[in-house]
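Presented below, as structure tokens, is a lone chain in the form predicted on its own.
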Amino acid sequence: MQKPSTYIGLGLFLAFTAFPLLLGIGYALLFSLGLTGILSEGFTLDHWRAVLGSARFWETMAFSIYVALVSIGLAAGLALLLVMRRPRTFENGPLSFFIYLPLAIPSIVMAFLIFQLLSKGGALSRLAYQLGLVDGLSQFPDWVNGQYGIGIITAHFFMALPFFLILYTQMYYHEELKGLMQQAFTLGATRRQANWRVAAPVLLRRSFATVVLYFLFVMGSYEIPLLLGSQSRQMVAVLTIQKLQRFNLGDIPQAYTISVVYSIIVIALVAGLLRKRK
């Protein structure tokens, strides 16, 4: 039997988080269908056809998925490798404290730091010029505001790496992987085999839901791609806000349509994770 306090807590959670979110999605859906808002003229699917038939929208979605996959893949992969090789390093000692510091940096501050580091007038370009690697700042690669999103990926990588280091370190000891690996050694496995056939599958399986949720967070981020991204290739949140704030009122229903499409993707993935967990 669940305690009454459990139901009260669940009710408060739904009332203050889930319910307002659903109201916002519902309003966006009605606006995109022409059923509410200043431009309302009755039910229409024109805005949905305009968005889903736009090549720019699908390029934006593909670019957002690419940035999220690369940044989270690199961060989670490197964190997994480091924890399997040196689990005690991130449990005790100076690194166990300092890996928490990047988590306190707001995303807009991280974006500014990466801009000062990787832009054509930043620290790396000036260092390359002083070392004679480039003849001028114009020869430095477009790592910021470029079409490949290197600056965006770098910023999200440095924000996600300490998070996954902490996550995998806690999981390593919570799942008692040290004992499992000792059993693998007893059965004749090498350290490489024990890492990749015992530790890695357990950590990846336990962290799968968290990785997917962080992927959705990066895919829908706004501040970092706004500062470090380009105008030719935008992420979904930047495109949505730009359409919402333009002087062309015809773009506002399309902004709501994009937000509804992204919300459907998020809800579908979260529902799939909950179903798999159950």
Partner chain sequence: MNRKEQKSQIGWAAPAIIAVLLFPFVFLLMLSLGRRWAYPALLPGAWTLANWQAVWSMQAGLGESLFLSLALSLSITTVSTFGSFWVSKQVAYHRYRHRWLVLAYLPYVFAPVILAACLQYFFIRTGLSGKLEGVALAQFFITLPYGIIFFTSFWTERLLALEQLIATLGGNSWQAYTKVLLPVAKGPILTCFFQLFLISWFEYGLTALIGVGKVQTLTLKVFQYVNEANIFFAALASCLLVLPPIVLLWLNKRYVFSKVI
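Positions refer to the first chain, counted from 1. Model, not experiment: these values are computed from the prediction.
Only in words, not in the display: the form predicted in complex with its partner chain, which the text now covers.
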Pick from 58, 66, 48, 27: which residue has any heavy atom within 4.5 angstroms of its partner chain in the predicted complex?
27
Can you tell me if residue 143 lies within 4.5 angstroms of its partner chain in the predicted complex, counting non-hydrogen atoms only?
no
Is there a heavy atom of residue 208 no more than 4.5 Å from a heavy atom of its partner chain in the predicted complex?
no
Classify residue 147 as contacting or not contacting its partner chain in the predicted complex by the rule of any non-hydrogen atom within 4.5 angstroms, answering yes or no.
no
Looking in the predicted complex, any heavy atom of residue 231 within 4.5 Å of its partner chain?
no
Which residues within 94 to 131 place at least one heavy atom within 4.5 Å of its partner chain in the predicted complex?
94, 95, 96, 97, 98, 99, 100, 101, 102, 103, 104, 105, 106, 108, 109, 112, 113, 116, 117, 120, 121, 123, 125, 126, 127, 129, 130
